[in-house]
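What follows are structure tokens for two forms of the same protein chain, given separately as structure 1 and structure 2.
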Structure 1
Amino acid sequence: MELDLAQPVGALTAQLVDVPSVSREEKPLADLVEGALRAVPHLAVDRDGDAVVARTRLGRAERVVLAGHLDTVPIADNLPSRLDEDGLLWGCGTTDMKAGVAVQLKLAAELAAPNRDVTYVFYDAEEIAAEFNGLRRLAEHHPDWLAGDFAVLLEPTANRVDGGCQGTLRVRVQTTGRRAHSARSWLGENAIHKAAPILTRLAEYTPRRVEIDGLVYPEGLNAVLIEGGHAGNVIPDSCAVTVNYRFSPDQSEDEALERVRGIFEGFEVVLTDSAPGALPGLSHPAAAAFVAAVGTPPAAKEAWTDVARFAALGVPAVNYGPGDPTLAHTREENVAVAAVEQSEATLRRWLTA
């Protein structure tokens, strides 16, 4: 089988969806993407693992990057794809984010002389732990492949520009006690009971809402897991509350961690995971031209995305792509073909006007 890049973008989306590519199993799709792009004469194509990068080399004054991941979450009895009478394409990965990948492929094949040089990045393992992320691997091994003045990550945003992204960190807030038989509880010290002030501080915390370049980033501080206890007749001697802090990109990871440590002063706080946020990146002329091409006001991205990896490389980036993000990862995942066509038309206009 070969990818048909000449077919309409909706049909191309369906073809991509019908090639299963659960995280760590992207090779068949990456092979198809690489083969299709190597047949395009105006592109230079490179590959690292299951990530494929294609670039124009026209000597334009600016270079922009269009990026999207090839992998999906596990299939939920929602393959093969199906197109209904209302123009909705149903199936695993339709929204997150093979519709965006189809847009990239159409533009890569058809824009031989865009007004800016373009790098098209197709990468693996976005949906699982960061250690496997293909964009992270490219940033570490081939940062020159990702170089540019501005980047668009085609994650689903319902075709709205979402600037930057929140940062995220997780900590374990820990308590200790003394183990005893629950029949003689006075001989012990209950570590779970000692966690009550942790939950009280979380319940009483007022999240910040931070405005940056006209976009408002709401923060969140929440318990997401509690661990403690040994058996139904044992006073526990340890307890840990895992707390997730989604922080505004006005803070660095270190500053966010210090804020969390201050909130839980008096408790042991252990960092378990962290990723930086990304500033909106809308001040660059290429970004302003892109927002103008979209034609609707941008908003803050209320999540973490791989735009942060571009920001770390000094490349301002935004999220923009077809599909309702609330449908991602669901059994009912679908995308309107009209929305995919709109995304393609917008990006084409931006790259050719």
Structure 2
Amino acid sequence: MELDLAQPVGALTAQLVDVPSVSREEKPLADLVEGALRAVPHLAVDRDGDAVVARTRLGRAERVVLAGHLDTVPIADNLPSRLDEDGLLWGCGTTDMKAGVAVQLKLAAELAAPNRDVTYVFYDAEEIAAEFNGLRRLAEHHPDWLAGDFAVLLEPTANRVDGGCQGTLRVRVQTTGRRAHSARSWLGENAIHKAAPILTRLAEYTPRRVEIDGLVYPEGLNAVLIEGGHAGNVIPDSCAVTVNYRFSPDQSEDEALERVRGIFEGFEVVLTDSAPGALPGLSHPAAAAFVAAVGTPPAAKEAWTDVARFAALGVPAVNYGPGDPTLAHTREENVAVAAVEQSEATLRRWLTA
């Protein structure tokens, strides 16, 4: 079987959906994508594992990146795909994100002379633990393949531009005490009681709301876990609150950590994990042109997404793609073919106008 890049984008989406590609089982689909792109004369094609990168080499002043992942969450008894009478295509991966991949493939095949050089990135293992993420691997092995002035990730956003993303870090805020039998509690020192100010400061904290490029990033500082105590008759000698800070991309990871340390001054604060945010970068000419082409107001992206990987490489990035994001990972996943066509038309206008 080969991918037919000449068929309409809705039919191409269905063909992609019907090649199962659960995370770490992307090889058959990656092989098809690579084969189809190598047949396109105006593209230079590279491959790393099950990631495929295709580039125009026209020497344009700007280069933009269109990226999407090939993998899906596990199939929920919803394959093969099915197109209903209302023009909805149902099945695993329809909205997240084979519709976006179909748009990438159509543009890659058909835009022989875009107004900007374009890099098309197709990668593996986005839906599972970060250590397997194909975009992360590409950034390590071949950062030059990802170079560009601006990137669009075609994750489902209902064709809205979602700019940048929050950063996230987690710390353990800890107290220590001294164990004792609870019948003689005055011999001990209660570490859970000592955690009272940690919770009070969290409860009283007013999160920042930061505006960047016209987008508002609301922060969040939350206890996500609390653990303390040993047995029903023992004064506990340790208590730990795991706090998750979702921070606006105006702060680096280090700045965000300093802010958290300040909030919990007087307590032991141990960083457990951290990922940077991403600025929306909408002031870049290529980004501004893109927002104009979409024609609807952009919004701030709340969750951490792979746009932060581009940001870390110095490439401002946004999410923009067909499909309802709230249907992702559900058994009822579907995408309207009209929305896929709209997305294709918008990107084509941006890259040819």
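Residue numbering: sequential along structure 1, first residue numbered 1. Just so it is clear, the structure is predicted and the values come from calculations on it, not from any experiment. Between two forms, the rigid core is defined as the largest C-alpha subset superposing within 1.5 Å.
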Here the form predicted on its own is displayed as structure 1
Task: C-alpha of Y123 off by 2 Å or more between the two structures on rigid core - done: no
Exercise for the section: Align on the rigid core first; then say whether the Cα of F264 has moved by at least 2 Å between the two structures. Expected result: yes
P143 C-alpha shift between the two structures of 2 Å or more, rigid core reference
no
Here the CA of L221, compared between the two structures on the core, is shifted in angstrom by 4.2
Superposed on rigid core, H181 CA travels between the two structures a distance in Å of 11.7
